[in-house]
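Take a look at this one chain, the form predicted alone, written out in structure tokens.
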Amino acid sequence: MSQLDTLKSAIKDRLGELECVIGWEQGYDPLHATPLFIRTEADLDRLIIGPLAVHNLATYLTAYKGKKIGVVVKGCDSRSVIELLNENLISRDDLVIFGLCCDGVVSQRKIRAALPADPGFVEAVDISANGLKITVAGQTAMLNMTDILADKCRTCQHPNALISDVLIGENRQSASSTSLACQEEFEAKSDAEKFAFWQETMSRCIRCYACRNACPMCVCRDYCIATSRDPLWVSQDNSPAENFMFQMIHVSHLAGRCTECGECERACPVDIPLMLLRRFMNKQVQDVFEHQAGTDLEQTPPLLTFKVEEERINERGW
């Protein structure tokens, strides 16, 4: 039985007790997936998994608080579930988790860059262990999986769901590397070069808040500092300075909470490399607090606690 068939069978066995199960289905063309809300057995026919199922479905869990639902999660997604549980934003009793052992997902940005022309509407996609065969306007292109793999998958240390009621598939090995060349290159820049980089990059931002809306840990959207008018913390001026101000607030609010699922960067319509900020902040949290978000149940994020003396901060030695 295939991994997909096993998952369908597991969901079918639990469907009667759940409001719905959140998975993935094909989107507007064969290259894109979209979230699927499974309420009947007939909906299971539309369920898909694999490298195109990129969305972190944990983003939807807080909207169903108080209702019993199921969710399909990859390894990185399961970290978001753990973090939401640790912050008491969802209840474990209300959740049935269908965990996957993941081989990685694709980057749509890398796919667009690898194709000879703007793909437009994709006619067909054939998925194999080596990559994707994409047919556009009658022409076929073969893309190697190693070239289009999402950056987060290149350093993923948790490819298997860390929390689940049902685990589907055989355990995968974690990535051998824990660093990305793009991150090392960015952090090696001088302060002046970094400032110039973000000035240029944030000039592209259209302040659509897709990064915020896609983030599973951004749970205060109705009270978001970016849309507050009293007090007015961030203006609606679409300038590099204001755009960067919003992003710095965003990354600060995620300190010790970001699981590096990459949804913010994936959702950005103008391809701003937001994970450069997230990974840098997570590195500081790891160095100072020895904390990695979403890897341990019942572990409170360090900035949601108070200690008179932090073990790794020598406040009195200055």
Partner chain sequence: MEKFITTTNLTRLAEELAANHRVLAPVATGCTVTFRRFQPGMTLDLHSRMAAVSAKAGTFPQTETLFLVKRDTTEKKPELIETLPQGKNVVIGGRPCDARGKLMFDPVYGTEKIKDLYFLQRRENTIFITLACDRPETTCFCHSVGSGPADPTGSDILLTLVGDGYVARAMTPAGEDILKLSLFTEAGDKGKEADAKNAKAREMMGQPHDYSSAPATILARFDDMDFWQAQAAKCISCGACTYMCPTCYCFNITDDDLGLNSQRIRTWDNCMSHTFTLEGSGHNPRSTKAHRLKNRVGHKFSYYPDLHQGVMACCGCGRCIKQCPVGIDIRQIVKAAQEYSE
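Everything numeric here is computed off the predicted structure, so don't read it as measured data. Positions refer to the first chain, counted from 1.
What comes next is about the form predicted together with the partner chain, which is not displayed.
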property	result
Residue 109, heavy atom within 4.5 angstroms of the partner chain in the predicted bound form	yes
Contact label in the predicted bound form: residue 120 to the partner chain, heavy atom within 4.5 Å	yes
4.5 Å heavy atom contact, residue 93 and the partner chain in the predicted bound form	no
Interface membership of residue 37, the partner chain in the predicted bound form, 4.5 Å heavy atom rule	yes
Contact check for 55, 60 and 232 against the partner chain in the predicted bound form, heavy atom at 4.5 Å	yes
Options 200 to 208, 95 to 103, 182 to 190, 160 to 168; stretch whose heavy atom lies within 4.5 Å of the partner chain in the predicted bound form	200 to 208
Heavy atom within 4.5 Å of the partner chain in the predicted bound form - residue from 214, 148, 219, 125	214
Sole residue of 291, 266, 279, 253 within 4.5 Å of the partner chain in the predicted bound form, by heavy atom	266
In the predicted bound form, residues of 224 to 238 near the partner chain [heavy atom within 4.5 Å]	227, 229, 232, 235, 236, 237, 238
